[in-house]
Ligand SMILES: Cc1ncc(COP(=O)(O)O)c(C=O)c1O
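Just one chain is shown here, as structure tokens, and it is the form predicted on its own.
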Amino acid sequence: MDWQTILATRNARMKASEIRELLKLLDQPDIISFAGGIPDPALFPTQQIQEAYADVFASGAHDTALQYSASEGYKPLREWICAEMAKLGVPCSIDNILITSGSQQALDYLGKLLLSPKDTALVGWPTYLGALGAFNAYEPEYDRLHPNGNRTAADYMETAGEKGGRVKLAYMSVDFANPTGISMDRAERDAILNLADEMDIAIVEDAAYQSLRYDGEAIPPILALEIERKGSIEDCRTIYTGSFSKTLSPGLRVGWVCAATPVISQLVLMKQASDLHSPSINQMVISDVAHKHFDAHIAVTRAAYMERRDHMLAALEKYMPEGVDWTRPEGGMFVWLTLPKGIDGAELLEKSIETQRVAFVPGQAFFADGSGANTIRLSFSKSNGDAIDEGIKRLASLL
């Protein structure tokens, strides 16, 4: 049969992830890859995770670990997350926490919760490709979120109305964003809060890289700033999404949402209709490792990634020709390059793989409007100093 005749219209907006496709290149040993923004498996707390799984069975908790469980998530893990959120300036209770299967599931749920067809999501130019993929299924329009620009709330709302809907959310990653590595300053965070209050929309704060700061002064999350203004998380419009994927293990697929209880209650209903709950045993293991080892482990991880970031920035400074600009992130996993006009990142990747055996991600996929062809994303998380130096040298010679 011709399946295209019966597919829902939303499927036309669903595309393969360029990053997931590029990860296949990692199987080729001669490729120097700056493509996947993924953790280095050599830094996983493998022994601690192995011991945590063993403890689940040795302690007799396997009946709980292998059974159906509460959709909200494993209580001790939610309690640990509450304590960590409090350190960030976000006092909350476990009723404000939902465990998800990675923060990607959280973005999918939030798209489903907030977006109707033709509604507008305000996003960065560029923004996280996975957020666009998650939101696209709900058929939104996009407009550029530019907190330092001269756009007013009335302007955003008028543009959304012309597209047949209304502005529903503003999405951003405020610390070391994927793909740019850039962090929002305090004034930008305050400006987003002001805009959201004026438009009466939700703020989706993606904090996947929040723990990976290497230098610079930490700025409170938008949710913390909003609590300062309004007194309680229950009065806040900001929805904070976190993840253990970049700190402990992406394969265990454990993330969370922190928000006002009415939001959490709606997301719990989605969780019940989707996968019932995230795997109990994985939550128990993450909880054990987080309680016992998180601070020590993240210190080691930060030191390793900071060294690699410094190698990449030094190599870019040493080898790149004039006309190429790049970001200088204070944390995270990414450096964002802007190439001279006329150079297409996708065409450059094809030539780079063929002649230099260096992989990266073309930047155009990160722009909701399809612009940004002369940009590329480099990740330093999985390469050592020698590989970074050689890869940047090869890429610079091609440019």
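For clarity, every value in this text was computed on a predicted model and none was experimentally measured. Each residue number is its position in the shown sequence, starting from 1.
Missing here is the form predicted in complex with the named molecule; even so, the following discussion is about that form.
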Listed range touching the named molecule, judged in the predicted bound form by heavy atoms within 4.5 Å, from 240 to 248, 187 to 195, 140 to 148, 280 to 288: 240 to 248
Identify which of S103, Q210, N96, T180 has a heavy atom within 4.5 Å of the named molecule in the predicted bound form; exactly one of them does. S103
Pick from Y156, Y109, Y128, Y305: which residue has any heavy atom within 4.5 angstroms of the named molecule in the predicted bound form? Y128
According to a 4.5 angstroms non-hydrogen atom cut-off, is S173 in contact with the named molecule in the predicted bound form? yes
In the predicted bound form, is there a heavy atom of the named molecule that lies within 4.5 Å of any heavy atom of R253, even though the partner is absent here? yes
Residue contact check: D206 to the named molecule in the predicted bound form, 4.5 Å heavy atom: yes
